[in-house]
Each structure stands twice: as C-alpha cells, then as structure tokens.
Ligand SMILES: C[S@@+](CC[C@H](N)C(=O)[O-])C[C@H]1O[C@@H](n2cnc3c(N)ncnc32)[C@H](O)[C@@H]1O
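Just one chain is shown here, as structure tokens, and it is the form predicted alone.
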Amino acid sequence: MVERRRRSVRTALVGEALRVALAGRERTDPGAGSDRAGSDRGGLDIVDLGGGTGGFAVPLAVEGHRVTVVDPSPDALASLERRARDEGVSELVRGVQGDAAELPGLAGESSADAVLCHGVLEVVDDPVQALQAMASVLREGGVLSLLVAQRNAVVLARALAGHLAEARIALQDPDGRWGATDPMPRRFDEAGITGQLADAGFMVHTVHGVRTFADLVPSAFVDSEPGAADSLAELERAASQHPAFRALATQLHILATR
C-alpha cells in the first residue's frame, strides 16, 4: 500500500504538469491533430515512448486524446489493450512494439502534438539519438514530457544507507552509477539533461523535482500516521519547483517544446 502511495505521488505531480502543458498546446494551436485521418473529435495526437501498460496513455485517452504507445514488451502491450478496452477507449489507444531508435518509422515524422518519455532515457542505447527521434516525431510547437532519474538523489541515498564509497563513485561517475552492479545504466543532472535537450532542438519550459521526500520518509510513518500520505503529497508539490530541493529529487520532470 505504501509503495502505491509513493507511486501515486509521482504520477499525480507529473500528470498535473503534463495536463497543463497539453491544455496550453490545445489553446495555442486549436487545429492540433486535425491532419490525422479521422481526428475530427478534438484532442491531441500523443506518442508515449515506453508507455508500457498505459498508466498515462489510458487516462489521456479517457480525456479524448489519441495515444500511440511504443514499447518493446509484447506483454505490456497486451495489458495496455486490456486496460484500454476496460475503460472503453480502445479506438483511441494504439500499441506498437518497438523502441526509441525505431520511433520515427513507427509513429511517423511530425505526427504528434506531444511525446511522453518517462523513465526511458536512462536505459536506451543512445540518449542523444533517442531525443533526436522524439524531436522528429513532434510537430512544431509540440510538447515533450520527459522524466529521468537524477544523479544527486542516488548519491544521497547511498550515503544515508552507509555505502559511502558507492556514493562517492556515483558522484564522480559520468553516468551517475554507483558501481558495476548498479541496475540503472545512467542518471542525469539538471544541467546535463537540459543541455542535451537544447542540442536536440528543444526549448525547456519547466523543470520539476519528483520524489524529493517520498523515498526518504519512513514507510511505517506514511502507512500508520493519519493524513501522512496527503501531507507528503502536498510537501512534494510545494517543493517540486524549489531549486534547492529539486536538486535532491529522485527524478526530474521536464516539459519542453520543439
């Protein structure tokens, strides 16, 4: 239950910021999505790279957007199909098996009003190529929602756990890894990822810290103290754009436009 609450904090913060950005896209370009066959019902064309079982895709489809999920896992795509069917939005959700390198061919160049890339850039073979692929899929002015793991958080986490040597390694390692057995291929810092986005032709608009406190507050407290989960969510929301606390967040959520 506690883990679900922690995930809900992340999902809520990212979802809130994303929906504001999508609403802005609809306002600034009322014709967005109108060049796609059959798209006369409003809403946006969205590509969710690595969207898995549809945690973001299906709720966006419920809101009237057309979402293409590109994911390498056939099992995840099967779950996506069931989830979309259960919510009555099968006609708005399309699952395609593939990865970041194949994105332009799978989704189509200049075909999307928004691209979601949540927890994917850390594991792709070539992050620079992946960002370029996402840029090619977006229409001019399209929105990129990017969620990446942050280096500073793992340095702090390893130190607090008593793994001081690993904390020092993560601090100095170019990919922010704490050792050969670290399961995460790479992590980012804010300056590095915003620089890569600029090189790929994106303009960064907002950066939010996600899970600044959620991974540090004891699970027993969140689970047993009345109102603790709601208070934690409120604290996360308040700290998400504060630069000093954002630097310690487990993840960075970046909204950019092409």
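Because the structure is predicted, anything quoted here is derived from the model rather than measured. Residue indices: 1-based, along the sequence shown.
Beyond what is shown, the protein has a form predicted together with the ligand; the following relates to that form.
Only one listed stretch (138 to 146, 93 to 101, 174 to 182, 155 to 163) carries heavy atoms within 4.5 Å of the ligand in the model of the complex, and that stretch is 93 to 101.
Taking the partner from the other structure, the ligand in the model of the complex has a heavy atom within 4.5 Å of a heavy atom of residue 73. Within 4.5 Å of some heavy atom of the ligand in the model of the complex lies at least one heavy atom of residue 50.
Although the partner is absent here, residue 186 sits far enough away that none of its heavy atoms falls within 4.5 Å of the ligand in the model of the complex. The ligand in the model of the complex is not approached by residue 78, whose heavy atoms all lie more than 4.5 angstroms from it.
The contact with the ligand in the model of the complex, taken as any heavy atom within 4.5 Å, belongs to 124 out of 89, 167, 106, 124. For the options 133, 84, 120, 114, the residue carrying a heavy atom within 4.5 angstroms of the ligand in the model of the complex is 120.
Taking the ligand as it sits in the model of the complex, the stretch 179 to 213 never comes within 4.5 angstroms of it through any non-hydrogen atom.
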